[in-house]
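Quick heads-up: it's one chain on its own, the form predicted on its own, in structure tokens.
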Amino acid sequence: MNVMTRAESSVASDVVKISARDVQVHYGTTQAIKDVDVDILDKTVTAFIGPSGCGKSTFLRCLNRMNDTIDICRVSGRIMLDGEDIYDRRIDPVQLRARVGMVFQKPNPFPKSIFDNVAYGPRIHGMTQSRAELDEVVESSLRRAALWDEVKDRLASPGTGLSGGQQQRLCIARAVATGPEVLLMDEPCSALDPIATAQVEELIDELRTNFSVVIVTHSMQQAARVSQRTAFFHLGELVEYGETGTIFTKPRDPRTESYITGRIG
């Protein structure tokens, strides 16, 4: 596998954006995540890889408290965003999710116009004072998602009328419109064709100049292409975490090597 990619052509940040310690997740009596410790760096793409059901998406959802929406889910341990415990009772999860945006596996534009999809977050958070300001946020968000030139003449058209790849980039524009510091992506390319996947991967590489990006992917090739850091999960444990090139070429743990070479998975 070729791991010398554009992702490694520039040095990742060494500033810790999110710090997780002793994180455990239970669904009822079933433990899904066991004692995860990890530091996620700012202005860096971090990939979570591992077999299906290994806990990578569950842990991703801990980072913006999406698991709060599941009644039987219990999260323990500490997750700090810029040194602040995101599970502190004084933290408003809605405000947290403005800072830690999320893009899901299947494109899920709202049944609204392209403009209203992107404007939704800034409106509910009261981020703009005038229509002109809102127009500016919508345009800049669509530009960041590399979608503006394709949709600028049909902003009033339904977002659901776009192609799959365009819909996913619209969801990325919607996520960045609230000015987040972290962008979580849960297998954002799994429903896309190869051309749309390449466009989103290119976009992820550009987004890291402004955001800390965390991506869950089932594709090791994708992790190698887009990330600077990789975390390998197996059976609810974080087995190994480090620079992407090292994880793929000189893993320390035999379980990581077995997964990368296809012996487990």
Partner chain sequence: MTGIAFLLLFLAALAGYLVNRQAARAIRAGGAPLHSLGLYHGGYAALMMLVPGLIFLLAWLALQGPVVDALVMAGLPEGTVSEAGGAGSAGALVLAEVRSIASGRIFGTPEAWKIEAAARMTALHGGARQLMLIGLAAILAGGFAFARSRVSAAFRARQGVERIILGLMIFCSLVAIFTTLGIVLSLVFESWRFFAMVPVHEFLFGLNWEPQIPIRADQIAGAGAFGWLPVILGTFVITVIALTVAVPVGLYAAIYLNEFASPRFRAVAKPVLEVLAGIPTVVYGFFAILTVAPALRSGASALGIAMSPNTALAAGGVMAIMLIPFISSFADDALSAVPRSLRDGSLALGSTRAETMMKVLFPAAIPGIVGGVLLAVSRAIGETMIVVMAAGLIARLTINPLDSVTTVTVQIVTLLIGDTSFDNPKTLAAFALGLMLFLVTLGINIVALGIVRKYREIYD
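As the structure is a computational prediction, the values presented were derived from the model and not from experiment. Residue numbers count along the first chain shown, from 1.
This protein has a second form, the form predicted in complex with its partner chain, left out of what is shown; the following refers to that one.
With respect to its partner chain in the predicted complex, the three residues Val25, Ser52 and Cys54 uniformly fall beyond 4.5 angstroms at the level of their nearest heavy atom. With the partner omitted here, the stretch from 59-67, 26-34, 44-52, 203-211 that lies within 4.5 Å of its partner chain by heavy atoms in the predicted complex is 59-67. Of the listed positions (Met185, Ala145, Ile114, Ala175), a single one reaches within 4.5 angstroms of its partner chain by any non-hydrogen atom in the predicted complex, namely Ala175.
Taking the partner from elsewhere, Gly101 is found to have a heavy atom lying within 4.5 Å of its partner chain in the predicted complex.
In the predicted complex, its partner chain sits within 4.5 Å of a heavy atom of His125. Although the partner is absent from this view, Tyr120 contacts its partner chain in the predicted complex, with a non-hydrogen atom inside 4.5 angstroms. Proximity of Tyr87 to its partner chain in the predicted complex falls outside the 4.5 Å heavy atom cutoff.
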